[in-house]
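Quick heads-up: it's one chain on its own, the form predicted alone, in structure tokens.
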Amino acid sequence: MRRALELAERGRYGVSPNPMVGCVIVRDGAIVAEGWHRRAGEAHAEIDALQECDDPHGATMFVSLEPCCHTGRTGPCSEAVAAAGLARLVVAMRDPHEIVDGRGIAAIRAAGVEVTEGVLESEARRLNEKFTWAATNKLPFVLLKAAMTLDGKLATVARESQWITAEAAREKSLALREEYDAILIGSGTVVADNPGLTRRLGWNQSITPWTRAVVDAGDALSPHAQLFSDGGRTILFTPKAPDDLPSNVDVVPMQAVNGRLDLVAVLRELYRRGVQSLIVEGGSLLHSDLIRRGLWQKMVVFVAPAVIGGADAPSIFSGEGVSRLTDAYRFRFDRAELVGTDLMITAYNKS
């Protein structure tokens, strides 16, 4: 199963909106075939492995996710697995999608194949955390990402932010874009930085188009901002869009309440448009709103070995603070690692 998970990992930059899946076929303790899912619309891992196996009859198949039981871009894997003559199927985790959710396993068991579930399940769930969250909650998996100083500042009092972290951390940050479906920023970041929000490494091969999204409660955005004028797919959530926006910008009208947009409605609309995973790159107000409302699942922060101070300098969490420590917005540290001269901290929401 560990080998199946290693194979599944190879699909990280190609399978969206599908999950990463790896498969190994074993006979008499020896691997006789391997497969993995490379890209949505291409063979699933089980089919890929079966095509490489001369004779699967009586063998054992290890697969990191329950075989599908429906016809989508490809046919149902459960039928092929049931018909292959396998003696046993070992599954790391069930597919949480409502159209599968145990039905694939049930069909294979009904065909007389012995099925074992839950082998390395926690590792399998972590591998497909984005897919699992989206399938279960019908919302995108949200990653908060920020580069900040040791004192939590995203920019100086003059709003200078390029560059807080060194080149190695910036490359790591760009790598994260390659495995997510979309990126979201606030209009203040558009005004201050005029970012392009592009993928630049060329790793992603999925059929899900890269999407930039902006939430604007009324900041007088320019239609000539880089992410509006470069021709890339962009969605603007706003009560009033700028005039003369190019056709690549899709405007979603949304009323502001107390100077804020409904971020739950934003996430629901992005999910409806096929976004299963979302990076939020700021600014401070957007990060703060998402933290207050618990609308995030994972956080990656690059911390530079510097302090800049300034009460008015934007920080990763701004606005009214809590009075008591018991009211703090808490999360769970997962790991920390040095990336060049900077520290990369990964955390998960506890809520």
Ligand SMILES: NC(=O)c1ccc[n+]([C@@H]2O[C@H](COP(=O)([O-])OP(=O)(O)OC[C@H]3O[C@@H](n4cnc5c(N)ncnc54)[C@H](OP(=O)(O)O)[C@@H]3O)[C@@H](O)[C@H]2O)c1
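Given the structure is predicted, the values throughout are model-derived calculations rather than measurements. Residue positions are given as counts along the sequence shown, with the first one as 1.
Below: the form predicted in complex with this ligand, not depicted.
- Residue heavy atoms within 4.5 Å of this ligand in the predicted bound form occur in exactly one stretch of 224-232, 88-96, 158-166, 114-122, and that stretch is 158-166.
- Residues A147, S187 and G283 are all found to lie within 4.5 Å of this ligand in the predicted bound form, as judged by heavy atom distances.
- In the predicted bound form, P67 stays away from this ligand, with no heavy atom inside 4.5 Å.
- In the predicted bound form, this ligand stays beyond 4.5 Å of every heavy atom belonging to R268.
- Using a 4.5 angstroms limit between non-hydrogen atoms, G75 is distant from this ligand in the predicted bound form.
- Proximity of A134 to this ligand in the predicted bound form: non-hydrogen atoms within 4.5 Å are absent; the residue sits far from the partner.
- Proximity to this ligand in the predicted bound form, defined as a heavy atom within 4.5 Å, singles out one entry of L261, V142, A82, V249, which is L261.
- Proximity to this ligand in the predicted bound form, defined as a heavy atom within 4.5 Å, holds among I279, L154, L245, I105 only for L154.
- Residues from 305-340 that approach this ligand in the predicted bound form with a non-hydrogen atom within 4.5 Å are limited to P314.
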